[in-house]
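Starting off, we have a lone chain in the form predicted alone, written out as structure tokens.
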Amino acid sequence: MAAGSDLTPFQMENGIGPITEAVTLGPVNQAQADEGKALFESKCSACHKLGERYVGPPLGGILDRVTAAFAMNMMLNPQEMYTRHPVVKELLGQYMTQMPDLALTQEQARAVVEYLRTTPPPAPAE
């Protein structure tokens, strides 16, 4: 069976996990983004930088590359994402480190997404 062939089109685009509907993004909620920044700094920054490869991929501008639901499902359900989602399996092959379960709530994951919306993409490699 081809990688991901057991996944629905929604799961291919938005990941596998508790977020089962598209996340609608309106104007940036600055209070939520501030909470997300604090969470990012305490839970994510040991492995992720915004503008460069580190233990994990750079996350600046990540929402230009994946949906908000995909990012949230990755934060909330990393184990199943690594075992079932072909894009995440590919990332594991590139980075050789699996993201741990950070025990975030859906509200916390949404706050991190809100913060990531405010970050610029990494500069292109020269």
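The structure displayed is predicted, hence computed values, not measured ones. Don't overthink the numbering: it's just position in the shown sequence, from 1.
From this point on, the text means the form predicted in complex with a small molecule, which you will not see here.
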* Structure fact -> Answer key, the small molecule contact in the model of the complex at 4.5 Å (heavy atoms) among 50, 33, 69, 91: the residue is 91
* Though only this chain appears here, would residue 28 touch the small molecule in the model of the complex if you measure heavy atom gaps against 4.5 Å? -> no
* Do residue 37 and the small molecule come within 4.5 Å of each other in the model of the complex, heavy atoms counted? -> no
* Answer with yes or no whether residue 12 is in contact with the small molecule in the model of the complex, where contact means some heavy atom within 4.5 Å. => no
* Asked: Does residue 43 reach the small molecule in the model of the complex if we count a contact as any heavy atom within 4.5 Å?
  -> yes
